[in-house]
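Take a look at this one chain, the form predicted alone, written out in structure tokens.
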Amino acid sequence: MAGKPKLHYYDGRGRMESIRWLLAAAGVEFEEIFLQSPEDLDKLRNDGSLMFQQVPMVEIDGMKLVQTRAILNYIASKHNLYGKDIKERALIDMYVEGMADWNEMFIMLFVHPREEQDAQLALLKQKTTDRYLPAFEKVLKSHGQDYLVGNRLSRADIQLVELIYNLEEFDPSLTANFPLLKALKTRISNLPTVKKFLQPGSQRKPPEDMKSMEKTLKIFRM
């Protein structure tokens, strides 16, 4: 029997958080090995564990997978969260690529210099309400179903709800005019595996802030 997946990353959200969400939603227990110093990262690089010298890296099913999208694709395929045919998969890919662009704004917010962060947050809110939330609300309205694709749970639903949670940490009012997305959030949050992940003490990570980001940047010598 294969052991639990092992997640190699720093102790924060970053590019690993979507992987944590997807594993948790699929009911998969996982272990985390946190990078604490630049030397920890050097060790992974020097022992050949990182194909492109970068994390996140996930040890799963005898592989050491890198590249966030590749990891998410594998987990979604393995746990039947990637549509029933190639057309559904194409839609899921299209939606999650849009989410990846959106998520990048969250990830990079505290990487920007302090004096630029207010402007970056304003840009995040503007693109959220003008571009991303309307697009996904329209998808749900167009077919009147409970999930984004094929009327069944997929990685797209899970990743979208993760982003809605992240967004509402900044400003809960931003989703007020998107009732179908709010309903999707409630629906996904009530799934037993997700409900467990949302409880205090789970492996879900808290929001990033300047203090945590400064520590993280030291690990990556930035």
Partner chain sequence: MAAKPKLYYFRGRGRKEFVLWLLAAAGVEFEDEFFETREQYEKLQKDGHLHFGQVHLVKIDGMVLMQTRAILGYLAAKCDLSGKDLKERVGINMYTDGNLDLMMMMIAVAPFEPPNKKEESFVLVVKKAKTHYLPIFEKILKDHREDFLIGNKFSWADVQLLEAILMGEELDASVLSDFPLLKVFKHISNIPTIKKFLQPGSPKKPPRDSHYLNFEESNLTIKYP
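Numbering follows the first chain given and starts at 1. Because the structure is predicted, anything quoted here is derived from the model rather than measured.
Missing here is the form predicted together with the partner chain; even so, the following discussion is about that form.
- Using a 4.5 angstroms threshold between heavy atoms, Gln117 stays clear of the partner chain in the predicted bound form.
- Within 4.5 Å of any heavy atom of the partner chain in the predicted bound form lies no heavy atom of Leu44.
- Residue contact check for Ile33: none of its heavy atoms lie within 4.5 Å of the partner chain in the predicted bound form.
- Contact annotation: Glu29 falls outside 4.5 Å of the partner chain in the predicted bound form, judged by heavy atom distances.
- Comment: 55-63 is the region of 161-169, 55-63, 34-42, 182-190 lying near the partner chain in the predicted bound form, near meaning a non-hydrogen atom within 4.5 Å.
- Within 4.5 Å of the partner chain in the predicted bound form, a heavy atom is found for not a single one of Gly150, Lys195 and Lys205.
- In the predicted bound form, the partner chain lies beyond 4.5 angstroms of every heavy atom of every residue of 143-161.
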